[in-house]
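Look below for two forms of one protein chain, each set out as structure tokens: first structure 1, then structure 2.
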Structure 1
């Protein structure tokens, strides 16, 4: 017999071990519209809001997919319910009830705009990826086809910016207060850039509307973090077996989640600080800590781990020499370059990151982390390296992953393996020309001003030494780094 579908009607019959909403869903009211209702939103912000609904029923979510109806069609028969799998040593399942409505803007434009105009909606959140903001530099890309369409047909928007402005225009016309617009994408200075793009768009439609948005609306900055692997049939099977019910689209994530939000709202807000959200005026400080302490060591593990023949981050952390190296890199080389923002304990943050790296339930492939090294290394490691040099601290450990990237490029190019990198062509030429002469090989890489800027003799010398050590064997290089 077929299993029943997860829904409000079947929620009470789920096994006791399955966590479920700690509130009466029927008593909640939609106060949030989320644009870009993908897996990350459902595994992250919606979970925080699910917790908040147990404290205040006014913050249920209308989840909007801008283009594709798949999520709506999967979750509408489930009354918006879905299962979150927390992937740790002991996996846990939880049914999330925060989504009270799921829409697809492509064929429900009127319903989406009506929801945005509803005065009960006081917060609009976004996870549309960087390209969804239609930016060019620091402003709006007026040549973008979606923006051009929405300026010509503002009542039938297709872009996220077009929807935000269309909703605000309706509220202004009706005499309602604006909503707060909160970007939850990993985009530097996300709130400021979203505000600028929104004002650019509104100015071209109606300067009076732009002035109203500028004076009355709010665009807080934020930072989000949690690894969210894609849903697959294996997850659906595990969830169905545990629930004894069918869930068309569960999601999964690691146990760790972080959400830091600038406390700048114009029309009330959920009780975020009571459900684990950090409210801070220093979003840039949290972003910097994440880039350097999480993303930097991630790249280091990727390039050094690949040279050691390892496949995943968890594999890398099971390698004693590499695990010791990563921790020393974080505590002794990276942390001293940071001024911790209020509310961030660097020692505890490092411990949490190391625990995340060790999680065997997250198969984060080193080869994937190694993509786009020419773009990642300047912000993840080279800035830290420059700060360490300026402070007169040793840079041996910091040079090792940069040299490992050079070795990685050399190995891939000489094996004829395509590089996943915006500078793939230039890197492949350098990699093919590499001979193993450390000084000549490193000089070729340092000539890439887009990556290294103006590299001086001191940096070149340190990288040549790291490159030589890796050529002698990554295990020996790690052992030497441990003696520094």
Structure 2
């Protein structure tokens, strides 16, 4: 009770076991604007940049939430400081100082655009999740309401793309160099797709601006990895006790963290290679391996685990049938679709991921991973499924998590529970209409071209079979899949 608030003024008084910034915060300058200031950014990129600030003071972060003021309001009284709990065998707590400014774009548009225009800012990073890119096919979804809004009102943007272009337009007008735009989301070819979307937007606005961006700006691709469960009461309690100070919004993650970045920056960069970031040319190999072998099985565990009444990833890995299924899926169905980049041993990579999933020190809720299935399944599982079919391999095991997602949607919709998904409305309609007639239910889902593209009869019948099996009982369905 009445514990002091974590802030610059109280930092020195924290117990010695709490790690803290190894540099003078006041001497740092904001060189990075981050769009999408969620827990993942604060547990991952901000931590690398916190290390980088001890080597070069030019890369402090202005973290921007696009919509919600909560983070700004929580961190403002804390001077942007927050605690990261690293949860492995021995939990460690560390106060991160990299965020020198936290803004909410919705009510601070002018401040955000001024920051983006500031020549001291040389890097814009993003974690806005799959849906934040407003993509349709290979390019930008011009019909997306946020994009339509930003094209009509480019000086009052709401989307990430609208902000990126508004900032670049201001810099060009002022004769400043552009910034590098670095996507840190779980999307294959994230930088390439972001570049395409940015150019599509700029082209509609001003073709000369688009040409300038195309020639001068850089959009490196990156792969990010660290399991970051949402902050919960257990974390807040742990942090309050250890700090003897109040932190309104700590974050948590596992000890493992990886960041692989394509070394294509247009306006300088932080000393990333000195703080554990891998700079690589073969980013596609890494990002495909991670999306398919970690995120794919994660989503599979989520939908199948929820149907089994389980709560966390560690619980799912304690369910013998589900754990066995996940491992077979990874080794026999997913790994054969990958060309491992030099230096990546797929067997060891799979073993390490399974070990991370089993981590008993974190409670990673399956319900969190189940969000946004319509956006996640195409990048995580449907590409693997397509490749497996093209190679003539069996697809029964791969169809199970897709059918489990359909069953999950059906169950939520029929229980009247709102889905966290940008396609929630369409999904709820499909879920409510489901009757248990597998053929008809699956056909309604497959009609979602945004998710499935053009699904053919072969895929449909494999999914119908998986859907039917799950209806008869997820345990039996898993046992059958593990036997195939």
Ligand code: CS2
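Residue numbers count along the first chain shown, from 1. Between two forms, the rigid core is defined as the largest C-alpha subset superposing within 1.5 Å. Since we're looking at a predicted model, the values are computed, not measured.
- Only structure 2 is derived from the form predicted together with this ligand.
- In the two-body rigid motion between the two structures, the C-alpha atoms of residue 252 and residue 389 are best fitted by different superpositions.
- The two rigid parts differ in orientation between the two structures, with the smaller turned by 28° against the larger.
- Here the rigid core is superposed, and residue 450 then shows its C-alpha moved by 13.0 angstrom between the two structures.
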